[in-house]
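Here you get one chain, nothing else, as structure tokens; it is the form predicted alone.
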């Protein structure tokens, strides 16, 4: 049986217990941005470079690092979303508490589409880019679409004999398991295999369509381990690989479409 990337099971258990949850972890978030970067038009690349001359892959997890800062606390709700028991995207569940991923995407979409009319400063544009590249990754992470009776997927569990703090973090670490030892741009190259018709199809539709696509895919989490399962199936990671690979790839292509929309001028 393949060992978990970079760590023994005991080390994974410690990591799950000690780190805050962040969709895909740094590895996955950087891979999504690196994949998007491969599909930027020349004008978009140049215009983004104006705002972020050192590149933006390194900022893939900026939103996680700063979401607990007082000034950015309002963005905390933008990292996740909820769905019904039959895996239908359910924004109404989160409206009373500040919204969800799509709330954040809609705000960013308005800001970046109307940046000139709004007279946004460079620093505000950079903030919106940082939030955009992270939120698109988060909404595609299977652990970030919650069922009503599992509002954060953080039930205590065991995996292959080791106790974990929660199921959520195990899913967040899937990119590290899937692409052991690889850098973000190498992972992006390995993901970037879809033909143009499939890329165009996944980039089409509305934000709601994207959210529903993610929720439909995310049912695999609960088919493998129903809510509250204490002893996770020993083949959980292997069974999650196809869905996680597809989710990372879709996120990268969709992020590219948005960045080209806002900055290809």
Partner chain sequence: MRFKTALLPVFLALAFISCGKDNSGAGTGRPASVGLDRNGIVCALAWSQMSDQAKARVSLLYPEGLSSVAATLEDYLAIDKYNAYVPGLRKMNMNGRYFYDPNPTQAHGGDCLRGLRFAHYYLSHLDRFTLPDEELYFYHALLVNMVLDIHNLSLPALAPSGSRWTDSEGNDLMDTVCSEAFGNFSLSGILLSIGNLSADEAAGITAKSFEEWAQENCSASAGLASAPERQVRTAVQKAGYRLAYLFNLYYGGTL
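Numbering follows the first chain given and starts at 1. In this text the structure is predicted, and so the values were computed from the model without any measurement.
Omitted from view is the form predicted in complex with the partner chain, to which the following refers.
Trainee: Is there a heavy atom of residue 149 lying 4.5 Å or less from a heavy atom of the partner chain in the predicted complex?
Mentor: Residue 149: no contact with the partner chain in the predicted complex.
Trainee: At the 4.5 Å heavy atom threshold, is residue 78 in contact with the partner chain in the predicted complex?
Mentor: So residue 78 counts as contacting the partner chain.
Trainee: Should residue 122 be counted as a contact of the partner chain in the predicted complex, where contact means heavy atoms within 4.5 Å?
Mentor: Close contact is absent here: in the predicted complex, residue 122 is far from the partner chain, nothing within 4.5 Å, heavy atoms only.
Trainee: Give a yes or no for residue 116: in the predicted complex, does one of its heavy atoms lie within 4.5 Å of a heavy atom belonging to the partner chain?
Mentor: Yes, contact at 4.5 Å.
Trainee: Work out which of the listed stretches, 132 to 140, 176 to 184, 97 to 105, 150 to 158, brings a heavy atom within 4.5 angstroms of the partner chain in the predicted complex.
Mentor: The contacting stretch here is 97 to 105.
Trainee: Heavy atom within 4.5 Å of the partner chain in the predicted complex: which residues of 33 to 62 qualify?
Mentor: Nothing in this stretch is in contact.
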